[in-house]
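Here we start with a single chain on its own, the form predicted on its own, put down as structure tokens.
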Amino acid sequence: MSNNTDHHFDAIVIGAGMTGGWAAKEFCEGGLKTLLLDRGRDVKHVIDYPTTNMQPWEFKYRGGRNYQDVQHNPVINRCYAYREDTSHFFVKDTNHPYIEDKPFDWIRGYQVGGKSIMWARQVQRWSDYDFEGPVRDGFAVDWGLRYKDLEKWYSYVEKFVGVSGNLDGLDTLPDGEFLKAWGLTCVEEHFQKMVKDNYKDRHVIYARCAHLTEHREIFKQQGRVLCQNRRVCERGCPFGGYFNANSTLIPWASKTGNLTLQPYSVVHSIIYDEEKNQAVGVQVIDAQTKETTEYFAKVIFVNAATFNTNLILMNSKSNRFPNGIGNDQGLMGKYVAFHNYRAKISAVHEGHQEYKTEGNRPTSTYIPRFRNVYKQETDFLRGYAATFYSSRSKIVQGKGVGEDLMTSLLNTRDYHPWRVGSGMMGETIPKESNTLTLDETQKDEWGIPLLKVNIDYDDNDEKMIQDFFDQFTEMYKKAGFTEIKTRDTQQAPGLDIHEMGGVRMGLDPKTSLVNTWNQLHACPNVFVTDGACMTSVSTQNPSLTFMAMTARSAHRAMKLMDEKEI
């Protein structure tokens, strides 16, 4: 195989999701012959969105869940986006098992485009309060990366993706390259004013989202048009109104003529050449035939999503790296963290009875982190962000049968009071005890060890939840909300779908696995730019940061290749 020119490329990218798509785009635009591998099927924009235009009555279960599926696949059925209309994009529990030393709901999408088809589309930049957090607060290690290193790459990504937002002028949440925002409801504006009048350190803002609200030439070139406010995004959008890899990155890379996209390719491991002291390729198993093939390249980007990236690297063993490629310190798979989504609060707003909500909007309002930002002020480390939403629904009069029922439904004019609610997105602290490991005996159908997940909450998380309840109860009362109810969902880690770490970034090769350019310290032609590289998790949604890091690292890789350094 090593002499077969059909198996040689300039770059190999493992994983055709959000970050892998960015790596492929940058390499192909840079003139590199690029192999993009994905373990799942191909999903072509528009063509492979089979339910995107279906109406509720066209589904057997009206778009909901059925009992048998819930019983067979309890983990995936706990995901908010998994329904009858989206089930074909999600990995079923029974098809791809993993081992839970402690409960963890691992949500996956094995197809070209990955979870970028079904993601929540919230995009916030990180600030130096996030990148400097580990050093300031004494946990994890120094990122070695700061906001200034990513600032231009955030802009680069946002202009291509399309981000709806406002210029809020917050140091905790840097502004970006925004398209116009949707408006807030009258109740959201009420809450926004109340918070501004009562708190100097708290802000209610429009939640920035990856949806097109204005025409730009770049979007025309991508073949995308404005968001239609349909709110069925997880089915795949035929308009390209929101960003996914399928509608943008992969077609963009493909039109250069430099992309080889290969679905149904399960990456077993990275091949390390001990004479050359570098990685030289990957070993791939055909998902359908189980045939093994090797492919070779000068640079390898591992973007298989956090857990699978850890798995591939740990399974890439050689005499030089008996514990996995780049894993000299034994750190790989450790210090995994996530976002704590357990805390919820809801209430009733009796005011603004002259208004109601109609139509859809693909986002909510957002309260950036305000705890422990400028100084340590609580008995827990770090803090949390939160959503805020409001709605007013009709009182459905389901009287009668047939024509009488239809008339009753169509003539409903009465509305319930406004309902409001918030959900916490808390930063968890990376711990050595939160680990991913390979099982020594159990393997999947491709002969790859099953992943063992040992991740849990801690006392810091419990204190943060209580603080969220206390602070938001106070804020809700000040806003005049009534019937305030708090709820701890007690859900296992994982449903945030923001798992990060295991191959953390840092300055010191003794305490980290990748450098500030996302290269493995011990094998510099292997880059890790998805969630696995994250040293800490902040409170913001991480996808925008993943993409900015990937674009930055791809350009770094090409520069090093030009200089013959890798």
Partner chain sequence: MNRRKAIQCLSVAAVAIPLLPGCNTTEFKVYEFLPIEKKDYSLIEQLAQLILPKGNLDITTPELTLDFILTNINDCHKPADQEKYLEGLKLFHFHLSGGKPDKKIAFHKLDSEEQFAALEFLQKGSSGSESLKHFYHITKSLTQLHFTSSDYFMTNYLDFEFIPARFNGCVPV
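Residue numbers count along the first chain shown, from 1. If you're wondering where the values come from, they're calculated on a predicted model, not measured in any experiment. Think of the rigid core as the biggest set of C-alphas that the two forms share within 1.5 Å after superposition.
The following text describes the form predicted together with the partner chain, which does not appear among the structures shown.
Engineer: Of 146 to 154, 192 to 200, 227 to 235, 447 to 455, which is the one stretch near the partner chain in the predicted bound form, taking non-hydrogen atoms within 4.5 angstroms as near?
Structural biologist: Careful reading of the contacts points to 227 to 235.
Engineer: Looking in the predicted bound form, is the partner chain within 4.5 Å of a heavy atom from each of 31, 160 and 171?
Structural biologist: None of them does, since no heavy atom lies within 4.5 Å of the partner.
Engineer: Which residue among 371, 392, 125, 298 has a heavy atom within 4.5 angstroms of the partner chain in the predicted bound form?
Structural biologist: None of the others qualify; the residue that does is 392.
Engineer: Counting non-hydrogen atoms within 4.5 angstroms of the partner chain in the predicted bound form, say which of 280, 479, 184, 120 makes the cut.
Structural biologist: The residue from 280, 479, 184, 120 that makes the contact is 184.
Engineer: Is the gap between residue 74 and the partner chain in the predicted bound form 4.5 Å or less for some heavy atom pair?
Structural biologist: Outside the cut-off, so no.
Engineer: Just to confirm, residue 88 within 4.5 Å of the partner chain in the predicted bound form by heavy atoms?
Structural biologist: Contact check for residue 88: no, nothing within 4.5 Å of the partner chain in the predicted bound form.
Engineer: Is residue 46 close to the partner chain in the predicted bound form, meaning a heavy atom pair under 4.5 Å apart or at it?
Structural biologist: No, residue 46 stays farther than 4.5 Å from the partner chain in the predicted bound form.
Engineer: With a 4.5 Å heavy atom cut-off, would you call residue 410 a contact of the partner chain in the predicted bound form?
Structural biologist: Within the cut-off, so yes.
Engineer: At 4.5 Å, heavy atom to heavy atom, what parts of 401 to 435 sit next to the partner chain in the predicted bound form? List them in sequence order, or say none.
Structural biologist: Stretch hits, in order: 401, 402, 403, 405, 406, 409, 410, 412, 415, 418.
Engineer: Does the distance between the two CA positions of residue 466 reach 2 Å or more between the shown form and the other one, the core being superposed?
Structural biologist: After core superposition, the displacement of the residue 466 C-alpha between the shown form and the other one stays below 2 Å, so no.
Engineer: Relative to the superposed rigid core, does the CA atom of residue 257 travel 2 Å or more between the shown form and the other one?
Structural biologist: No.
Engineer: Is residue 397 one of the residues whose C-alpha moves 2 Å or more between the shown form and the other one after the core fit?
Structural biologist: Shift at residue 397: 2 Å or more after core fit.
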